[in-house]
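Let's start with one chain on its own, the form predicted alone, as structure tokens.
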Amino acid sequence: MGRLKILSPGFLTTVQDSGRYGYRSYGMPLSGAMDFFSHMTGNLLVGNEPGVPSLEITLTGPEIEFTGRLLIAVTGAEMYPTINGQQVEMWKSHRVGRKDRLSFSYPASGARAYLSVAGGLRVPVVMGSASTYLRGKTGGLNGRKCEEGDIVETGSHYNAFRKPVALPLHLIPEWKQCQVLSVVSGIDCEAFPEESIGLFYRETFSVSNYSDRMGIRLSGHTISHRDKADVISYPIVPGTIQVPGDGNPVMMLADSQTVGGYTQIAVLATSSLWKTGQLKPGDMVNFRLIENGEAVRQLVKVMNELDEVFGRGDNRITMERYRNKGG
């Protein structure tokens, strides 16, 4: 068993796993990693099951000291990690030892990086998940972000003979400042005139400063309604795109509420949802309408590509395995 000591916490560093499934009917958000592809891949690189807890690092990274031998990997935003001042590759596993220090730079692209450690992070499980839900003060490190002086314990397994593994270059995502996101039609399309629907799919939107783990508010073009924006509240999921009365679309994300009272113009395909975790204020997005079948095919393609690298026989890399945290 090893430990991570947080020497400085960065802007927002939290413990996240694949999410808190099965409690949305009680009003509890899903939470979990904003960029599930980077989170999953980091765990696979160090030999973990894909959904176990890692550190999610937002915009400015922490400085971390290790208390023993560990196998680690950094994935996600391009934050130029260094170990003892020497830059190391992302999307690749690395060995660290006692007193080694990990640091980060401000991301050249993307918004969130993930630090995965062999054996995962050992924090209390709340409602089936270790994920931190900050608004509810639930999960992770007593429901809060990492602070200076925190000690985070890791799992027990460390294989000194395990060779470092790298993700093939063609699978490493490119974090563009303008992302094209695939969506399927929302259930309230009839609430918008045709010209509004056309504008939504034709124009480029900007990520506003009013963005966090709960949702991303977009700006640049306003979407008008036929009548009114308010509807009787009904369930929403991460990926739902609502249009409130001001006409600025809002993409609901990992910490989003479980019901909403604004019209839903579209829903992000799962294969695009993880890309929103790398958006920061000033980035741009375009929406591309696809059918449900194409949304499924896009996700299957991503999972098959990971399975080709990390799959082990019948234990395939799937979203079901990720959500079950490998259990």
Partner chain sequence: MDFLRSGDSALFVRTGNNTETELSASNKTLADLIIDAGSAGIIESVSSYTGVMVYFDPLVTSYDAVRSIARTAAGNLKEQKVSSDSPGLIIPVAYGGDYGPDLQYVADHCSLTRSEVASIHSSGKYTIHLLGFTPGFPYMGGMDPGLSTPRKKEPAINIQAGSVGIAGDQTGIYPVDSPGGWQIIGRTPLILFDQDRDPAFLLKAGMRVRFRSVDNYEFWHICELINNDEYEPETFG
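Numbering follows the first chain given and starts at 1. Bear in mind that the values here come from a model prediction, so they are computed numbers and not experimental data.
Quick note: we don't show the form predicted together with its partner chain, though the next part is all about it.
- Highlighted residues 60, 80 and 164: none comes within 4.5 Å of its partner chain in the model of the complex, counting any heavy atom.
- Annotated contact segment (heavy atom within 4.5 Å of its partner chain in the model of the complex): 264-272, selected among 264-272, 279-287, 65-73, 33-41.
- Proximity of residue 5 to its partner chain in the model of the complex: non-hydrogen atoms within 4.5 Å are absent; the residue sits far from the partner.
- Looking at residue 149, you'd find every heavy atom of it more than 4.5 angstroms from its partner chain in the model of the complex.
- Though the partner is left out of this view, residue 310 does not reach within 4.5 Å of its partner chain in the model of the complex, counting heavy atoms only.
- A residue is said to contact a partner when one of its heavy atoms sits within 4.5 Å of a partner heavy atom; residue 173 fails this definition for its partner chain in the model of the complex, lying far away.
- Of the listed positions (222, 233, 177, 105), a single one reaches within 4.5 angstroms of its partner chain by any non-hydrogen atom in the model of the complex, namely 233.
- This chain lacks the partner; the member of 202, 137, 226, 98 within 4.5 angstroms of its partner chain in the model of the complex by a non-hydrogen atom is 137.
- Residues of 288-315 lying near its partner chain in the model of the complex, listed in sequence order, are 292, 295, 296, 299, 300, 303, the criterion being any heavy atom within 4.5 Å.
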